[in-house]
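Below you will find one chain, with nothing else, as structure tokens; this is the form predicted alone, and questions on how it binds or moves follow later.
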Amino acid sequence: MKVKEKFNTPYNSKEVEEKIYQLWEKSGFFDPDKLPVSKNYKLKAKSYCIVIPPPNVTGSLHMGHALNAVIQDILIRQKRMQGYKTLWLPGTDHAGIATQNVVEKELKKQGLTRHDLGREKFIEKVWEWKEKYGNIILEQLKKLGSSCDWSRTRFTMDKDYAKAVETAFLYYYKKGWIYQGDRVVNWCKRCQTSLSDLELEYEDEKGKLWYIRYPIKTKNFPPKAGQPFTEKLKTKNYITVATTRPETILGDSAVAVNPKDKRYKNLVGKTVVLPIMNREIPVVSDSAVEIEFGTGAVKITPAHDILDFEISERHKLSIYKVINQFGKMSKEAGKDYEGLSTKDARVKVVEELEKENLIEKIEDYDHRISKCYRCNSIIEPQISKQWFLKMSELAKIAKQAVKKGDVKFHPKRWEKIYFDWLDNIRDWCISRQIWWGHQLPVYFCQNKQEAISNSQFLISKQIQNSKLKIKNSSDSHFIITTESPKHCPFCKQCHMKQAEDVLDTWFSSALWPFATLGWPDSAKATAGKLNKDDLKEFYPTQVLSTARDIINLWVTRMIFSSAELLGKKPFNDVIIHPTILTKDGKRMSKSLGTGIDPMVLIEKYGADATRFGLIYQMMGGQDIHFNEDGIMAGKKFANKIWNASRFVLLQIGNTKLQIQSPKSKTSADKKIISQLIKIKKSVDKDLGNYQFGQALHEIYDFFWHQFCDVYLEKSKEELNAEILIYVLSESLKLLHPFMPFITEEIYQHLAIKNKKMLIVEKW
């Protein structure tokens, strides 16, 4: 097609983008192993790698994904043009709870539950769903222009990835950092699984604060059986506690006060009588109690509050589980309450307390309630037998990595969230009671016929070869192994049963930067295209770009996992990108209709315009109050680039020019070259500091105002074809990481000697 015909119409992104993306894929240049080595493009010895934060297989592209993908693509495209051996590694996360919920909803339409299918058939259904819908978001990333090496696409349930997860579990267990125990966890009664603190969402709720009198035990109190509870209650012969959940009074095992609270100094060590249950419980002193809350005295319900459980451990208190896994009152709550919902139990408890004159007062009280991040059900903390990873040593490792500067946050202020969590960390509950995910590599004896002595450890050569480890306990006959055991070392008869629980999704995603590159055994990797030298060549990676809300869910865990398992940092820099908000500064929400679909913007304005609009608004590290005007400005700029290129090409014709050292003829020539040199240095500096918005603003101003408005007008008076084509081609190179489609399309029509594709031209 002749230049005049090609550029005679306005720029049409729909005609260009799919064609150009196919051109890139056909070239193979997304694959670092296929990058060209020539006179004009010499690979540096140094590699450059970014692993994409794996989106959930249930997801579709939202504005946060789009912004983050563009940031990574800008860096990858620049480094590729600079001659680095670049790898942008894509993939998806199996998203245990989210994916299981989606498939369960599909089954519900058919009148079925997962239990009707059984575990094996249900997992088959999830895999079918994943194959059909799980890669939608990756295809959308292609529409955005993401230059990932799709031949290396990973999935957190790949066979090789599963091996990495099992290896990490075994490693931590051998160090004594993984243990099974009864501890209070965040329990979702709808999803029927435990959740970590980081998987909760919080809502403000207008509630009540009940002030309840707990009578102090004396010679004449409590009363004899059959007498009213308050008959012998003397004035002020009680301690008043404040609570937002009076129904949990049935599970109390103590009243606690702060040791610095002088009001209760004489009561510590005494006994009070628990209302309704008539159970005698102690008054204990613990520094975890907030003096300012309520009366300064709090009820301790160890089975249904994480902080209360920790206090109970320090004071060796009894534990009463009065709420079951379905959110109903249990047998331990008493026959009058068993089977009631917590809501109905609350009403009944309050009525009983009022009857006995044990409620001192009731106040309105605004507080926050925790909800499941997937189904929005209210969380019911309760004691449960779960698997935990000790965090004390791992937290130290993670803190050191950032304090020493091995890993740097950009902007630096996000380090505070990182350190605050690590300074107050609890052991990580890594088990989940769902079916979709990495099943724990734990195998139980089904007969439990033999007691295993504490001295018995690895009891046979077969076990040693399989790397099996026996739990030293007579009541827990299990082994940890990365291979399914052929024989039971306990009863010598049964076919050992694997643990039902799966690992927290974040346990597996914490291995993402290195498990995707072949750890622990890249030479034997089989999933996708995995070069056995990938881990050696591309690890540690250079940059991680992600959102603030998963700093501790994911970033922290990758840092300590890599440091502990590989002895290396997983990446040098962490970019925390802005959150994209609505125009009036609120969180975007699909359910509220305030979310914006990037695919709609791409369809309407084009991918380049969408990329431009996102980055152009990314200034100063502040959140983006999204305005579609930025995308419209991107479309106008694309037209400006198109029209300016048409003007240049019409001026110089089809003669191929050598533009490596263009000669200036006029003062205008010298000025534009000087401005170009200046803008190149400035953009390099900005991108090196991850100032993407600033870099784009500078390129925009240079191209529109200095090149188009001034120099192109001057060129009409005295044409210098070499300068024209040189400045245009260099401008296209600067713009390419930001607006790759239109720049590649135009570059294909430039009459330049020894020209390559723009994606691999020299930066």
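So that there is no doubt, residue numbering starts at 1 and follows the sequence shown. Here the rigid core means the biggest group of C-alpha atoms that line up within 1.5 Å when the two forms are laid on top of each other. Note that the structure is a prediction, hence the values are computed from the model and not measured.
The same protein also exists as the form predicted together with the RNA; that form is not shown, yet it is the one meant from here on.
Residue heavy atoms within 4.5 Å of the RNA in the model of the complex occur in exactly one stretch of 705 to 713, 65 to 73, 732 to 740, 49 to 57, and that stretch is 705 to 713.
Of the candidates Lys262, Lys416, Lys685, Lys132, Lys416 is the one whose heavy atoms come within 4.5 Å of the RNA in the model of the complex; the others do not.
Checked against the RNA in the model of the complex, the residues Tyr173, Tyr373, Phe444, Phe647 give one hit for a heavy atom within 4.5 Å, which is Phe647.
Phe409 falls outside the set of residues with a heavy atom inside 4.5 Å of the RNA in the model of the complex. Shown alone here, Lys105 lies farther than 4.5 Å from the RNA in the model of the complex, counting heavy atoms only. Although the partner is absent here, Gly296 lies within 4.5 Å of the RNA in the model of the complex, judged by heavy atoms. In the model of the complex, no heavy atom of Ile550 sits within 4.5 Å of the RNA. In the model of the complex, Ala242, Thr243, Thr244 are the residues of 239 to 260 with at least one heavy atom within 4.5 Å of the RNA, listed from first to last. Taking 2 Å as the criterion, Arg263 counts as shifted between this form and the one not shown: its C-alpha moves by at least this amount when the rigid core is aligned.
For Ala547, a C-alpha deviation below 2 angstroms is recorded between this form and the one not shown after rigid-core alignment. If you fit the rigid core between this form and the one not shown, you'll see the Cα of His367 move by 2 angstroms or more.
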